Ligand code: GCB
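Only one chain is given next, in structure tokens, and it is the form predicted alone.
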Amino acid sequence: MRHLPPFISLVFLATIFTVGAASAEPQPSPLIASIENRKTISLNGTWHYIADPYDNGYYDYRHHPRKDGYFLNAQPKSPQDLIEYNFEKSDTLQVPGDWNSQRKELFMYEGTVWYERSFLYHKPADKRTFLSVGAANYESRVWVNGTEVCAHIGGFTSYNCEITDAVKDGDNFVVIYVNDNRHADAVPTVNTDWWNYGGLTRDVELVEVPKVFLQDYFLQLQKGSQSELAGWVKVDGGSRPVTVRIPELHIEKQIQTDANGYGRIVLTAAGLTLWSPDTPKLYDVEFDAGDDVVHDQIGFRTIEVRGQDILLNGKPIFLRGVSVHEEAPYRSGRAFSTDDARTLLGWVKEMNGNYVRLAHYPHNRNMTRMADRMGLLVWSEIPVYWTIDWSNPATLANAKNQLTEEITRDKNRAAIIIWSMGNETPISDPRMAFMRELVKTARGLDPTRLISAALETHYSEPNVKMIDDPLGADLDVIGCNEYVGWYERKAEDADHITWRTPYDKPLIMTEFGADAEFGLHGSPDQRWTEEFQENVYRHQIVMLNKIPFLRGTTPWILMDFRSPRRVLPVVQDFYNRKGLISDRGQKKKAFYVMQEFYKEKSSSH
């Protein structure tokens, strides 16, 4: 385990790695389902912040008892009091949002930032109150009115903590410690190819629920059926019946819950309109737990593989997609809003796409909800990326926790058809054991969706690409990344390459492409030009059309995105330029190549 500060080490063990003894460390509460469909009070907006590269805000307090930690938000009581911080006089950041794109001095900063916000709250006597954080990259700790309420590890998944006893009627303040340092045994690990945006990058909200409330639920088509719905409900704080209603289908059924609050759902849905990209039908589903009534908009569809085919609602489908980073269109920084999602996914639709790979981590909830409404199928991934610390039990527990939180938040979204276990992970025995544990976890949490991962390949012969990664035996769908024409060989060499695999399974080509600076023109043989990128794509299509078991493509990538690995002045300037669209929303020539390719694929399927 890495050498974390003492309090982070403890919370890491308490919240991520299962230990025998109970820990006094504050842990996140079980995730509350469908936050967006509940009564919430937004804490988005202006927060004061203090950048703290030495972590003085905690350790001065721990090692010098006469000094207050930042989380107490203390004020001098007399002229002699020594308090060396002041949130009210400190600068501000907008939440949600990363600190890198908001402050020039924080552009490349990695470390600790303390956030503080005061708020007025009318505390209800008959309710429980939770603080929900959509994402805080990477490690975070939360205090309300100076009381520590929870801590969390993972930069792309939601968490919530109960603050009923910490919050009061009237004036309150919340302080959140966020640290985005990279570590060799973290998930993701030290080296990635995207910007390490730090901060409170998604919504922060107060959630009010009854003392006994519906904490979670799952409802999807029974595997193998197009008319039987199955799932479960979970009540927190006691046991009580939950009535499930789908008015449009004339369904109403009361579910009895056991002593732990769990109840199984089995429903027959006659006349069901199945969700698909052409008909993204969503039903209003009501879960009535007495004092707590939650409405959700859920689509129902089947997804399965049969030999080399992917079947959506029992019919073969070719996935016409593109990979997407959570990079904000038209501006720098982490994407988070509904408008961001509408723009990014709108470009996919304009490309004649029906599918999107959300790489390389769980994206914000607006992306998956918008995909549901717009009719775009989704590959959702956790940041098991490149050289993870495969032999470390705590690293595996961390990855499993992030996978669990990803599935918990998005399991009712019809758009998601594939859970991905990772990207470009080199083959070894420890890696195989690690990845198989993730596959087992995903199947246990959600047996209705497909499992995949983006694998590496090799040449078995000069013009033969072989997919024989042993992890392929554990997957439903094979994913592969390749860069013929950019990182290897010449673009025209792709015309003569064939693909082979021992697995009788469908293949999604999860990455291919080349860099181009928008507006830079020249010969198809001149790197960085739009013509070079266009030429790579044209030859890729020749190769792709010859793969008999190919059932989808997601070229790399929809839009240029920031990466500290990309330092070439003038052309890159800290951007990966493989986007089909520039970071300013300008479409490159290769965009139209894929648009035409997908038009043809749409007609043929």
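From a predicted model like this one, the values you see are computed outputs, not experimental measurements. Numbering starts at 1 and runs along the sequence shown.
Note that the form predicted in complex with this ligand isn't included here; everything after this is about it.
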Exercise. Using a 4.5 Å cut on heavy atoms, which of Tyr503, Tyr483, Phe119, Trp232 is close to this ligand in the predicted complex?
Worked result: Tyr483
Exercise. Which one, Phe318, Trp347, Trp390, Tyr385, lies within 4.5 Å of this ligand in the predicted complex by heavy atoms?
Worked result: Tyr385
Exercise. Which of 570-578, 534-542, 32-40, 46-54 has heavy atoms within 4.5 Å of this ligand in the predicted complex?
Worked result: 570-578
For this session: Answer yes or no: in the predicted complex, does this ligand come within 4.5 Å of a heavy atom in every one of Thr129, Asp236 and Asp292?
Result: no
For this session: Indicate whether this ligand has at least one heavy atom within 4.5 Å of a heavy atom of Tyr70 in the predicted complex.
Result: no
Exercise. His360: heavy atom within 4.5 Å of this ligand in the predicted complex?
Worked result: yes
Exercise. Heavy atoms within 4.5 Å of this ligand in the predicted complex: does Asp193 have any?
Worked result: yes
Exercise. With the cut-off set at 4.5 Å between non-hydrogen atoms, does Asn423 touch this ligand in the predicted complex?
Worked result: yes
Exercise. Listed by sequence position, which residues of 545-564 have a non-hydrogen atom within 4.5 angstroms of this ligand in the predicted complex?
Worked result: Trp556, Phe561
